[in-house]
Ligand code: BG6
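To begin, one chain is listed below as structure tokens, in the form predicted alone.
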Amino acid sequence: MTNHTNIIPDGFLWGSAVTSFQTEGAWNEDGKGLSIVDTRPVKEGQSDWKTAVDFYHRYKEDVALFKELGMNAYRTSISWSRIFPDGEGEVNEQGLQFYDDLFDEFLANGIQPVITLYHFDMPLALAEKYNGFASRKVVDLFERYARTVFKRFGHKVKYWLTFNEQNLILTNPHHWGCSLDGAENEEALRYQVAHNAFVAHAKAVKALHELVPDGKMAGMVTYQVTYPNTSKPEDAIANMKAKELLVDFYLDVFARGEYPVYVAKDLERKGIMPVLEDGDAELLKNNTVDYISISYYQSQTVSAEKVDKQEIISGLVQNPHLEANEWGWAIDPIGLRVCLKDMYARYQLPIFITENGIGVREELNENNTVEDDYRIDYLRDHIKQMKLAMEEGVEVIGYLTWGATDLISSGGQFEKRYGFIFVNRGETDLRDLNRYKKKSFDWYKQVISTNGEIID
């Protein structure tokens, strides 16, 4: 039983998060077109995304497990190429029907769908024909796609996100369907793609507010906290400059509706200000977000000595005071509190933690489970820091772990397991895909049932 002293309010959103392409499979079924993920090269010994964990065919079984877990929110993405197979032609009714059925299943089990419009899986045709978000044509097609799904699902989905981890766009434009091959000025093209994605984001915010008046839209970043590598002032200023381009640039545009001066001045000085079409500035200004969404996994430090002026963001080095997971990601629960406090002080907007978790190589034991105390420790420590931030006045509306079931990582690894639910498959051997509850399943169930009061 919860008591009146619990800092977490009633109605708080507890659950997990995934993407369509890392879970659904069914890559070429029911009229789905190819996405840029479907043709991505697969490293030797790793997985493709063709079957994933077969959520497309097994979602009722999985949703029953999510209900047993007690979650009241589940984040996934809509596959753009299920809705518009080539990105711009006729709408695919079978694709729309799949998400209708999926969202109905969530709602029937007391789970709110939290939906990302775009999670790195552009229809392949748009990347090949237009170079993705380098083209304003794709911005308009994204708006058409967004309006299509808002009209269809707006009465079923309250919380939406435009782009997953939009702050990766400068360093990873290929996730937005853009190739830099042949670019006259690579840096200029990166910023043009970033600008076009901001415009697409604002058009989606505008469309949601027009079509679904009570709908809530977020901009989303992966918040990698950074600290000065030493107490030297040079490291402090290098850290500030890294943070500006790692996260602040995007959150400033989402929340304030304009380019921050530290970015605009730099672009003007370099002569690479993106092409702004008539109305862009007003569109950004008039269509700010309802809440902020973040993924949070790790922190790093910034060393002025390591800064490379040829790189957009550089100087990042590991923190020697923190342990890391086997993929080299520093484990820093206090960093979550740092970023929550910083964002709330800057923007005074509700914050939704829509990803947090740890990937580990795991195998079933003789009892068909996984004794994943390390996952419990990781999540417990992060929830504790979230609660401390909330005690200090930060408005957090939900907490979603990454992966309720195991899933294929965005890089193509299945053995990097994140879930509370073990899925029996390997990198290339699909086995039987059966589901098994890990020890952390019962722990998270208790966390949710006590609304975060009992986490030990």
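Note that residue numbering follows the sequence shown and begins at 1. Note that the structure is predicted; figures quoted are calculated from it, not measured.
The same protein has a further form, the form predicted in complex with the named molecule, not shown here; the description that follows concerns it.
Annotation: in the model of the complex, residues H119, W329 and E355 each come within 4.5 Å of the named molecule through at least one heavy atom.
In the model of the complex, no heavy atom of N424 sits within 4.5 Å of the named molecule. Proximity of T51 to the named molecule in the model of the complex falls outside the 4.5 Å heavy atom cutoff.
A residue is said to contact a partner when one of its heavy atoms sits within 4.5 Å of a partner heavy atom; S79 fails this definition for the named molecule in the model of the complex, lying far away.
At least one heavy atom of N164 is located within 4.5 Å of the named molecule in the model of the complex. Between 57 to 65, 30 to 38, 409 to 417, 390 to 398, the stretch whose residues reach within 4.5 angstroms of the named molecule in the model of the complex through a non-hydrogen atom is 409 to 417. Proximity to the named molecule in the model of the complex, taken as a non-hydrogen atom within 4.5 angstroms, holds for one residue of W176, Y297, W160, F103, which is Y297. Taking the named molecule as positioned in the model of the complex, the residues of 16 to 41 that bring a heavy atom within 4.5 Å of it are, in sequence order, T19, Q22.
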